[in-house]
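A single chain, nothing else alongside it, follows as structure tokens in the form predicted on its own.
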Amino acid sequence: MTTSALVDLYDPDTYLAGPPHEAFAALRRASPVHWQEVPTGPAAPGYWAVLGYAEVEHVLCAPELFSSEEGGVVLDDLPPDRLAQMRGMLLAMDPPRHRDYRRPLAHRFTHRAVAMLEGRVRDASRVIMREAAERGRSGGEVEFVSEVAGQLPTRVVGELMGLPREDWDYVHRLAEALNRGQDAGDADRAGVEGGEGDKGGMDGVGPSRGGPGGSEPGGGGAEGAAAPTVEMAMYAAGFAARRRAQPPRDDLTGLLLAGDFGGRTMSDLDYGSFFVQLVTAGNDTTQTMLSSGLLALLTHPDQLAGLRADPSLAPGAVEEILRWANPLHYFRRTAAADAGVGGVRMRAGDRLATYFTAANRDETVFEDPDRFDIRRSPNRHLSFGKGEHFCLGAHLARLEGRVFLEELLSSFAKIELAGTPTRVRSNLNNGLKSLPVRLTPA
């Protein structure tokens, strides 16, 4: 039960033309769990690829047995300082610590609390559409990924955290550098001072490096690879220190700095680790959802026409985008004890990758799983995870996706591809690097 005869799931080049859905399906039908060899580098000797829906769900719902904290959530074993930094992030905490840190934040991310943000999200979306229309005036091309889709999560997170508006572009550039790490040259395009892009390619939380042997396209050592992560964390720590000297404010930063997390308060450096996760995760996954969503609609014109004719389909369209073009291919877990998954015995210390890209097209759960259908119901995709680590920002992401689609289609009577989309080179980020479009205002 190895993947080597069919596909190398670790090699980021495997995903350059799009996810290997046919290979995923063939592997999943043969067995829901396969061994992926990695002969050399920080992911050697390899890991278990968990591909079936039920098996991914099982792993995600057993955090005491399948740890996020022991080895982190990316496949490569990280240097001790990077692993320690990752363990300061919510997504890489095990219970009970995870619950201690999540509980004080949860009330800000309930459906009701997030619904109150709709006006601000809509205002931000309308400004972005006006800016996009100006860029595309006279039939010019607009680069949709960074110039349009990427603007919304940065502005929303900036408001939630209480960041100075003059810092938003700087934080956005750092986030883009962090999330494009396996792609050679992206750091230079990001224009971030202080180093190359993180070679990680996973929400800025660690170097899932460039494929077999851990090669790093674009050069640079471990110190350079960490620079954007460190720069963002240090920016956030400085911001936290300044905020402590100011009167309390009712925003997410104020909540974090005043919160009780398992009997302790958050230091400036703790805040920096949280900030890196919240900003980069919110930026990259939402940017990917919005840009991949538009591409899915453009390549399925019947679905786009249906959404234009009936905007009430927008919530379902967001869910299908999340299933069909999930922003992240996998999360890593580490077996804390000997265990069985999908009929396969694993030993304590083994690595597992829960492949959402495969589970979201499991034919035992989804009828005609390769079909993009904005009316699909039910739609029990796993893109937000499951169990203890179900995405804290799921309601916010859904709100952003719905409002953005509504404003995009009401602002532009016609949206056309203006060139060939290009994908991010990554074994983890399932996103676009560029999506050139032409926009015709309504």
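Note that residue numbering begins at 1 and tracks the sequence as displayed. In this text, all values refer to a predicted model and were calculated from it rather than measured experimentally.
Beyond the structure shown, there is the form predicted together with protoporphyrin IX containing FE (HEM), which is absent from this document and is the topic of what follows.
- Looking at T229, T286, S273, N360, which has any heavy atom no more than 4.5 Å from protoporphyrin IX containing FE (HEM) in the predicted bound form? Of the listed residues, the single hit is T286.
- Heavy atom within 4.5 Å of protoporphyrin IX containing FE (HEM) in the predicted bound form - residue from Q277, T334, S146, T253: Selected residue: Q277.
- Task: Flag this candidate site as yes only if A49, E55 and E320 all have a heavy atom within 4.5 Å of protoporphyrin IX containing FE (HEM) in the predicted bound form; otherwise mark no.
- Result: Negative, none of the three is within 4.5 Å.
- Query: Counting only non-hydrogen atoms and a 4.5 angstroms cut-off, does W324 reach protoporphyrin IX containing FE (HEM) in the predicted bound form?
  - Reply: Because no heavy atom of W324 falls inside 4.5 Å of protoporphyrin IX containing FE (HEM) in the predicted bound form, the answer is no.
- Even though protoporphyrin IX containing FE (HEM) is not shown here, does P63 get within 4.5 Å of it in the predicted bound form, heavy atoms only? So P63 does not count as contacting protoporphyrin IX containing FE (HEM).
- Indicate whether protoporphyrin IX containing FE (HEM) has at least one heavy atom within 4.5 Å of a heavy atom of L90 in the predicted bound form. Result yes; L90 sits at the interface with protoporphyrin IX containing FE (HEM) in the predicted bound form.
- Query: Is A397 a contact residue for protoporphyrin IX containing FE (HEM) in the predicted bound form, using a 4.5 Å heavy atom cut-off?
  - Reply: Although protoporphyrin IX containing FE (HEM) is absent here, A397 would touch it in the predicted bound form, with heavy atoms inside 4.5 Å.
- Query: Can you say which of 381 to 389, 22 to 30, 403 to 411, 40 to 48 gets within 4.5 Å of protoporphyrin IX containing FE (HEM) in the predicted bound form, counting heavy atoms only?
  - Reply: Partner-contacting stretch among the options: 381 to 389.
- So which residues in 72 to 104, when you check protoporphyrin IX containing FE (HEM) in the predicted bound form, have a heavy atom no farther than 4.5 Å from it? Residues within 4.5 Å: V73, L90, L91, H98, R102.
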